[in-house]
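Let's start with one chain on its own, the form predicted on its own, as structure tokens.
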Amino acid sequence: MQTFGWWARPTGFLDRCRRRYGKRFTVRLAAQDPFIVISDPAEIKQVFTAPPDVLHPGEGTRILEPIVGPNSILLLDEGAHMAQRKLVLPAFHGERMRGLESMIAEVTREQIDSWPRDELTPIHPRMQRLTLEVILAAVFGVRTGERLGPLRESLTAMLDFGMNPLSLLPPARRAPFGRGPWARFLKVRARTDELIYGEIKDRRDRQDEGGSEIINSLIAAYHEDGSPMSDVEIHDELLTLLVAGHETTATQLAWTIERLTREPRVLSALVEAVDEGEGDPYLTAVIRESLRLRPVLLNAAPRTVKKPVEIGGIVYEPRVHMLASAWLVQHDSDIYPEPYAFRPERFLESDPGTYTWIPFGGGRRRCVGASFAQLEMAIVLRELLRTTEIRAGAEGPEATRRRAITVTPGRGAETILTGR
């Protein structure tokens, strides 16, 4: 029953557990070690700041290895994680991010111009296509090329496979005679690998390390011992960005549109701010409030206990997973008055708290692409509201629907766009 609640009614299940058991409780899912769900900020801080040899986040995401590869920053722990993180972080800061703004705006305008007007349509799949184009351009620095077309197709196929959690479990890999979804996935992955390795080789051969594209940043990165990142390391990090970097942002954008169309006061204030060209503070607050109210990832990466650790006065032994719940801490009335209301003004008054606003996780494992995702969201929302009026396709809020480790609007954020 816990497994069913966890997957079929994820937010309602978490809310019911908190009402019954408080801010800390144990969830037991079928065929897995127990999860200790926490939502007290003091305990979240203890988990996020625990020594890396005590809690292992990478083990909790090992199921993603077939998608992103064993060297992905998502899967590494301790020193290996920190070493890889130092190599990846420069791609998401400073001049490189500013160099991507015009490209994101250009892609956004092209995509929005192609969307139908005056008809009911789910906006989530359209946002998925938009953010895929953005991440491809951000990673490779080009919009066309012989590899990009096939790469779009193979990445979409890999993501569709990965969004079904059952498809990644070992039993799914044992279909007879090399048939079934797993065999088809292996073919798609092999094609994707060929395309990405080909692009890495071309860049190395050209000694192309300029521009703001992410692939060049990784090729130019060196380990502390002076050795460059290997092709395998670069491949796994690029695949992580390509697969994970657009799905989550697309879903958060869909949730933001879903909320805005049901909150006329907020939508009107945001459109006015954007039209006046002074919309950044309020737009930033809207994005932060969307990430608080409808986090795409309901929890930070689970930390596997490797050595006995005391959290909140309780000692936990190995073989349990510590799970900081973004959903619960961000819907805690002790922290956020009217926690289920969409009130961006709360982030005009103060910045998000380190341990009370965790849509991107926290500590050493905070998402390296957090700044890029928020920049992209701001540009997309600004361009959309400048050119269209948006309204809901149906009355009432859309329910949450689980899509692997993410939660999406149940009807895809049905929206009607009208040209301005």
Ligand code: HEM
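Throughout, we count residues from 1 along the sequence that is shown. Keep in mind the model is a prediction, meaning the values are calculated, not measured.
Form predicted together with this ligand: not shown, discussed below.
Stretch in contact in the model of the complex with this ligand, which is absent here, among 119-127, 238-246, 180-188, 313-321 (heavy atoms within 4.5 Å) = Answer to the contact question: 238-246.
Would residue 54 sit within 4.5 Å of this ligand in the model of the complex, counting heavy atoms only?
-> No, residue 54 sits far enough from this ligand in the model of the complex that none of its heavy atoms falls within 4.5 Å.
Is residue 355 close enough to this ligand in the model of the complex to count, meaning some heavy atom within 4.5 Å?
-> Because no heavy atom of residue 355 falls inside 4.5 Å of this ligand in the model of the complex, the answer is no.
Counting only non-hydrogen atoms and a 4.5 angstroms cut-off, does residue 73 reach this ligand in the model of the complex?
-> Result yes; residue 73 sits at the interface with this ligand in the model of the complex.
Look up in the model of the complex whether residue 386 has a non-hydrogen atom within 4.5 angstroms of this ligand, and give yes or no.
-> So residue 386 does not count as contacting this ligand.
Among 107, 300, 260, 132, which has at least one heavy atom within 4.5 Å of this ligand in the model of the complex?
-> After the contact test, the surviving option is 300.
Looking at 234, 329, 291, 100, which is the one with a non-hydrogen atom within 4.5 Å of this ligand in the model of the complex?
-> It is 291.
In the model of the complex: members of 100-115 within 4.5 Å of this ligand, any heavy atom | The stretch 100-115, when checked against this ligand in the model of the complex, contributes no residue at the 4.5 Å heavy-atom cut-off.
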